[in-house]
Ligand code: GLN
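Here we start with a single chain on its own, the form predicted alone, put down as structure tokens.
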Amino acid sequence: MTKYIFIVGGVMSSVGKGVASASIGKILQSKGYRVANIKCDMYVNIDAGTIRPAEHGEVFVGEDGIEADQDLGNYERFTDQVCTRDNYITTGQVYQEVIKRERNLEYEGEDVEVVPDIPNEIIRRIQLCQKKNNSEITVIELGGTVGEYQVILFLEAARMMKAKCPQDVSFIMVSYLPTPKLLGEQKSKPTQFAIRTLNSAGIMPDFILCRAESPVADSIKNTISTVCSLPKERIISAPDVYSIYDVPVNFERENFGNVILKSMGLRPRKKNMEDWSVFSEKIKNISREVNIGIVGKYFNFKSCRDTYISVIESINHASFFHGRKPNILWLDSEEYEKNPEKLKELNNLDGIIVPGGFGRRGTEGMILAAKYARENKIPYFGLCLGMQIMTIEFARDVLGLGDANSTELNAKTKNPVICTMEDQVEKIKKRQYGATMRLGACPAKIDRNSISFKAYEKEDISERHRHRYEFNNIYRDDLEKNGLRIAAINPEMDLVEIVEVKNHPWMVGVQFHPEFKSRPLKPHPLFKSFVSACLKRR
């Protein structure tokens, strides 16, 4: 038994297809089925690694190092399943594979055509993911909306799968219902148009998820039911909610999971969403706050939430665990460069985080923030670049190496306390940037005397990486002698993975990205420890 559910966008993007897909995966999983989630991006990019986070949102790194769309983070957080490159498909990957096979004569001399060869490759990848995950139900999210030209070939692949096995393939359209202020009522005409657009691709939706500010009125459900010839029970209300973790609970109130299973000839094997329901209800009743500042630089284009979504959710998970509601303040590091007096605003915070990033812009402001946090005993958590910033600041101010820097930020520095990884030098020279960083899960061994060991409560860990630059071991002894603890090492390559400032309540920098492994019901140990330190300061 193998079933496939395609999630397509209706009126507009960015209305929650990713959360809807993750929620459907969670619900079906809770009913006893093995589920896999796939994200299909229409970009010709091979992966998301070369796209600006301020443009496209966070680059989520899978366990095997795939640099993917941020929706894979939602899939992992909701279903607690590990995503790999099999869970991410782009137009670029598909065309690259078809052209490679054509060059290798794998089409045996036949002419290679956009249809059916491109859709067939999409189907092959979907089925490969299903087999590798041994999933009984595979949920495939198509990026964008049905009206976009670039999604046509993915819709054609889905149509071909439906034509071959009608009972095994379902379509769910997520469509927005606007409520014009002057009228004060929801309007279904855009969704009706989106349904007919999907029909023109040879596809009839099996469900409509109605995204709106408020619950969908019965009259609207009746109208949509008539237009797309669907039973009313398949028109699902998806209003704005307190948190994304309410979405699966809301769907279950409408009996969505059981209706999906029934439509595919399946029955629920069990019902086990109680822990999730308790969690979603608990966080609504939290009133006490913890104030955390994120000192970053990707604040100018898309929302900060998209750029730092995994960091935000990790803060949420840890704060909820401690019975607090996070109040996150966005602090532009470039402002500190222009006016260092603004650093005094950090005194009003319980802790600060310096997240990952690339390039020189704004880094001097981050260094000033790290210095202020160290000198004023403010809990500090450095993620990837944030760990390097913390090391540079310590070397400059404590060791007296005034020009200490990273070779990424200043190639001519005489004291490269952060240096280019050996295997990256030639890649950078040749401009080989795509998928060439140190990527994915790597092991580390933690010092038993460290703050990090108290957080993890174990010596051996594995965390996901995404970087080209590393702690320079030449400076390790001097830094340690002067108060910087080397708290974790990668045993295979002798790379520094965690640094801590001694005689400080909580100042920790990690070369990896712990935010990728935090879960709502299982907050990441370091984020839990960081929030705990923030509350002690408060």
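Please read all numbers here as calculations on a predicted model, not as lab measurements. Residue indices: 1-based, along the sequence shown.
Below, we turn to the form predicted in complex with ligand GLN, even though it does not appear here.
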Heavy atom within 4.5 Å of ligand GLN in the model of the complex - residue from Cys384, Cys129, Ala444, Ala455: Cys384
Note which of Pro205, Gly356, Pro416, Pro119 lies within 4.5 Å of ligand GLN in the model of the complex, where distance is taken over heavy atoms; exactly one does. Gly356
Just checking whether Arg468 would be counted as a contact of ligand GLN in the model of the complex - the rule being heavy atoms within 4.5 angstroms. yes
Might His513 be said to contact ligand GLN in the model of the complex, defining contact as any heavy atom within 4.5 Å? yes
4.5 angstroms heavy atom contact with ligand GLN in the model of the complex for Ser319: no
How about Gln388: is it within 4.5 Å of ligand GLN in the model of the complex, going by heavy atoms? yes
Counting any heavy atom within 4.5 Å as contact, can you tell me which stretch out of 357 to 365, 208 to 216, 88 to 96, 259 to 267 lines ligand GLN in the model of the complex? 357 to 365
For 389 to 427: residues with a non-hydrogen atom within 4.5 angstroms of ligand GLN in the model of the complex? Glu408
